[in-house]
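Quick setup: one chain, the form predicted on its own, written in structure tokens, and binding and motion questions come after.
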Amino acid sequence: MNIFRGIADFSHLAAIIILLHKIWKSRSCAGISGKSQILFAIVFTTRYLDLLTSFISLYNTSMKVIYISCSYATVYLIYMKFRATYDGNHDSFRVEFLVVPVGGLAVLINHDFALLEILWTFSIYLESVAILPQLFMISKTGEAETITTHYLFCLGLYRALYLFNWIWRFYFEGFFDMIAIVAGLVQTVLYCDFFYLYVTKVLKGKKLSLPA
């Protein structure tokens, strides 16, 4: 493992912890897109089915279990425990417009036409756009809580660092995965406006809002 992947993994973990802490401490999921969290739960479930077939390392297995468990815990908190605080009216992004095309693309473009490989590819494609319902929700409400922006920043940082991980692996290991790289680029581009607003507003103590 190189330093970029290590930092990226812990940035991803930090994002998840920040989100869970925010919901639990405030006893509210206001401003959080339940649809994005469902998509992330689907991403981790379809990506880590290899937990049932192979073992790489204790670190690898532990992180996969944590990601899956935390994603479903978040969905539970939003749709069950704190359902009364969930703003479904603003969380109105049509996720079928993401899932259906991504599913079709995974079947058409993959490394190997096998079930686990197609599901892994589907998870890579879906992760690249899973944050869209959250960004759409912020755009509709006009602003986001500071703690929510920290969550989004850590999530975006994780993906951006993974691009450096792919560059490192190409130069030092000769490893190149076009599907993961292109999906990572798409996801990073989606965060560009947010990164700009985070640096120019949130870090200066201002409220973050996305242009409608």
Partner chain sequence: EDEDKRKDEL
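Numbering follows the first chain given and starts at 1. The structure displayed is predicted, hence computed values, not measured ones.
Here the subject shifts to the form predicted in complex with the partner chain, a form of this protein not shown in this document.
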Query raised in the report: Can you say which of 80-88, 136-144, 116-124, 97-105 gets within 4.5 Å of the partner chain in the model of the complex, counting heavy atoms only?
Result: 116-124
Query raised in the report: Is S28 one of the residues lying within 4.5 Å of the partner chain in the model of the complex, judged by heavy atom distances?
Result: no
Query raised in the report: At the 4.5 Å heavy atom threshold, is W168 in contact with the partner chain in the model of the complex?
Result: no
Query - Contact flag, F164 vs the partner chain in the model of the complex, heavy atom cut 4.5 Å - result: no
Query raised in the report: So in the model of the complex, does T45 come within 4.5 Å of the partner chain, heavy atom to heavy atom?
Result: no
Query - Residues I56, M63 and D177 all lining the partner chain in the model of the complex, heavy atom within 4.5 Å - result: yes
